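A single chain comes next, written as structure tokens; it is the form predicted on its own.
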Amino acid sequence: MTISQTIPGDAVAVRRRRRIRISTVVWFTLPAAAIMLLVLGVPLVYSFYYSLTGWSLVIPGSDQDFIGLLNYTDVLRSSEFWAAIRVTLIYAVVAVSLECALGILFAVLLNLEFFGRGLFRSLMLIPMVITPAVVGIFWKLLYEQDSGVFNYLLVTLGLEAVPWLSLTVALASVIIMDVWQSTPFFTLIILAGLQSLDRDTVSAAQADGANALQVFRYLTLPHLVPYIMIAAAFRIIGVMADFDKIFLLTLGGPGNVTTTLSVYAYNTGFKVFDIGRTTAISWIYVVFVLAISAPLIWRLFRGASVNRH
């Protein structure tokens, strides 16, 4: 007895159609995969290779100087690198936490029925669509010690002017700038979550005597957890890659109090012209971002997979 005789005809047809479908998907996906490999894969391979060399732009022929993992060990032993890690972590944790809390607050407020709600929802999006470079220049003007808007308002109210970009306040000023620009991102995603909340369940809880705080604590907040995780995952990756607005606001200073990993990599590459070391920093930076964001993304996709089944 042959194998084909043991399988019913319908099952054979189903398998044949599945093979044809998979083959079609592969052929349609192949061009995009090839382009992605060319655009992303080739530069990654080149950057990894040069991270193993002593390439400096001021030393001709140094791009062929293979030094193995020396760039990586030098970077990991550098106190400046660990200072940049500390600044990046403080910046990311504080900024994303504030944006999440404010995003939930604004989303709940914008989910209420009131006159002009559509206008406020539209205005909310403005900071998010402004180019980061413009945001950096804009907030630099606001933070000006003598002629800035913030100090003008403080002096008008009889208070002392604040040195916003000084050694002690600069990092907080950078965080405030990011919170202003990125809170609408959290608000938008959480508001979408609130719109999908089952109103019948809320009405039933209210009919059983639950007050507004209990409804939010036991119904609304658990429903919003996946939306908060999505927003947090994107923002953690984004905030650790922030460069342009920080650089334009403070240049990473004063000293190194606002030197994040991206600013540190820029300074190494375009001030010291040490390309080998810069690419090594970039690869360490990739591993660092993946280590921070991977658990959150894994939990998010695992939860989605469980919900589908």
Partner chain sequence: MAIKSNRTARKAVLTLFWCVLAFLYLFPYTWMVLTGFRHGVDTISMPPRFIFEPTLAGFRHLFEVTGFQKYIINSAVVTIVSVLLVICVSAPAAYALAHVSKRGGTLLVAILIARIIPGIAIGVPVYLIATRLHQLDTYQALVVINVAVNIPFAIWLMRSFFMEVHPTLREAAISDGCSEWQVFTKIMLPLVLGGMLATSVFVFIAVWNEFLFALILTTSVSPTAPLAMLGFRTQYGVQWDAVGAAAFLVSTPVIIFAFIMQRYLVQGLTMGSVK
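Positions refer to the first chain, counted from 1. Please read all numbers here as calculations on a predicted model, not as lab measurements. Between two forms, the rigid core is defined as the largest C-alpha subset superposing within 1.5 Å.
There is also a form predicted in complex with the partner chain; it is not shown, and the following applies to it.
J.: Indicate whether the partner chain has at least one heavy atom within 4.5 Å of a heavy atom of residue 166 in the predicted complex.
T.: Flag for residue 166 set to no.
J.: Residue 241: heavy atom within 4.5 Å of the partner chain in the predicted complex?
T.: Yes, residue 241 sits close enough to the partner chain in the predicted complex that at least one of its heavy atoms falls within 4.5 Å.
J.: Decide whether residue 278 counts as a contact residue for the partner chain in the predicted complex under a heavy atom distance cut-off of 4.5 Å.
T.: Because a heavy atom of residue 278 falls inside 4.5 Å of the partner chain in the predicted complex, the answer is yes.
J.: Is it the case that residue 232, even though its partner is missing from this view, gets within 4.5 Å of the partner chain in the predicted complex, heavy atoms only?
T.: No.
J.: Consider the chain as shown here, without its partner, and state which of 218, 82, 120, 72 has a heavy atom within 4.5 Å of the partner chain in the predicted complex.
T.: It is 120 that has a heavy atom within 4.5 Å of the partner.
J.: Quick one: from 101, 161, 202, 109, grab the residue that has a heavy atom within 4.5 Å of the partner chain in the predicted complex.
T.: Contact with the partner chain in the predicted complex is made by 109 alone.
J.: Counting only non-hydrogen atoms, which stretch in 73-81, 166-174, 112-120, 88-96 is within 4.5 Å of the partner chain in the predicted complex?
T.: Looking at the other structure, the answer is 112-120.
J.: In the predicted complex, do 138, 286 and 297 all reach within 4.5 Å of the partner chain through at least one heavy atom apiece?
T.: Every residue of the spot touches the partner chain in the predicted complex.
J.: Across 240-259, which residues bring a heavy atom to within 4.5 Å of the partner chain in the predicted complex?
T.: Contacts from 240-259: 241, 243, 244, 247, 248, 249, 250, 251.
J.: Taking the rigid core as the reference frame, tell me whether residue 36 has a CA displacement of 2 angstroms or more between this form and the one not shown.
T.: For residue 36, whose C-alpha is compared between this form and the one not shown after core superposition, the shift is 2 Å or more.
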